[in-house]
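Coming up is one lone chain in structure tokens, specifically the form predicted alone.
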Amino acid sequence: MENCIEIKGLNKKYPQFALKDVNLTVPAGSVMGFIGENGAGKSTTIKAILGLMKADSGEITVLGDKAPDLRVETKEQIGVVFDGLAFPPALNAVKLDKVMSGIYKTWSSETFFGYINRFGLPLKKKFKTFSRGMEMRLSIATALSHNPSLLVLDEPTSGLDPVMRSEILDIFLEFMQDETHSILLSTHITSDLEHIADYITFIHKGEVIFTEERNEMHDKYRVLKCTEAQFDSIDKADIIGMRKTRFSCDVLTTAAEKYPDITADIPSIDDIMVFYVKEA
């Protein structure tokens, strides 16, 4: 299978928001980082991928199956983490294991309790007493315990301290050691993507602005640190976005080689996103 997710021309209109001709491809065996500000359309797109929302138009293929009518066999191959606990608050880990073993044919209690122990989670404490970080660790443990080939993750490291975030990212890298596995990772913590993403898709106001290979982004984009006179010398067609301060002007461009006399810095993923949004 060449691509584990393919979205073509996805449209969905709400009273105050719309997805507009969204195209997104996640190659099999890759990690796709999905970024954008709050309300940009990330969660709506994820719901469409999982068959939880019917689009107005467009086509979505997940693991070779057509959404929104995904077969049970396909759903069992998808591990999902939403931005919030999806389990009844009266359950505990022991009871959740029994529930999940009756839902997923490939559920592994050994794997589940291995992650519960690794994450330092209690076995018999009710979920309603869990902190935000504990809820996210539980969701990730559950998503990984039925042998999925695709992880769809919505803010999986939200609420975690830096040490636990690092461990979670290591677990995702372990998951990707099997080259048939894939991850779609929606996150506001774009520094996480610097460590694990192969590709970055940026969505803004319901429209995909770009999809880029992460490594190529570092080679392609530069931030020019300009004086007012230097800014005036830049071809406006070379300006993707700009940020003015009292004493200088920062310019995002892919044409830094044309301006060798201007200091150029490598931007972070956050920087690139902010410059595009300011221009838009």
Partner chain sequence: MKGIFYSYFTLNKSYWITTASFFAGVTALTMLFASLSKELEAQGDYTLFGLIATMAMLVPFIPAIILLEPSARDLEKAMATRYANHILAAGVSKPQFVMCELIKNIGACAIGYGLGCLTILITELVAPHSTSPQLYGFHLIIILLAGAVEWICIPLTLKIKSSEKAGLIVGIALGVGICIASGCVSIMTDGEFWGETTDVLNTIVSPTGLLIAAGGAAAIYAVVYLITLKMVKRGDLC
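The model shown is predicted, which means the values in this text are computed figures rather than measured ones. Numbering follows the first chain given and starts at 1.
One more form of this protein exists, namely the form predicted together with its partner chain; it is left out here, but the text below deals with it.
Exercise. Using a 4.5 Å heavy atom cut-off, which stretch among 176-184, 112-120, 72-80, 200-208 contacts its partner chain in the model of the complex?
Worked result: Going through the listed ranges, the match is 72-80.
Exercise. Quick check: do R165, R222 and K258 each get a heavy atom within 4.5 Å of its partner chain in the model of the complex?
Worked result: Checked in the model of the complex: no contact with its partner chain for any of the three.
For this session: Identify, from the list A28, I239, C249, L52, the residue with a heavy atom within 4.5 Å of its partner chain in the model of the complex.
Result: In short, L52.
Exercise. At the 4.5 Å heavy atom threshold, is H188 in contact with its partner chain in the model of the complex?
Worked result: No, H188 sits far enough from its partner chain in the model of the complex that none of its heavy atoms falls within 4.5 Å.
Exercise. Taking 4.5 angstroms as the cut-off for heavy atoms, does P68 touch its partner chain in the model of the complex?
Worked result: Contact check for P68: yes, within 4.5 Å of its partner chain in the model of the complex.
Exercise. Given that the partner is absent here, does I171 sit within 4.5 Å of its partner chain in the model of the complex, heavy atoms only?
Worked result: Flag for I171 set to no.
For this session: Tell me, yes or no, whether K95 is in contact with its partner chain in the model of the complex, where a contact means a heavy atom of each within 4.5 Å.
Result: The answer is yes: K95 has a heavy atom within 4.5 Å of its partner chain.
Exercise. Are there residues in 82-109 with a heavy atom within 4.5 Å of its partner chain in the model of the complex, and which are they, in order?
Worked result: Contacts from 82-109: F82, D83, G84, L85, A86, F87, P88, P89, A90, L91, K95, K98, V99, M100, G102, I103, Y104.
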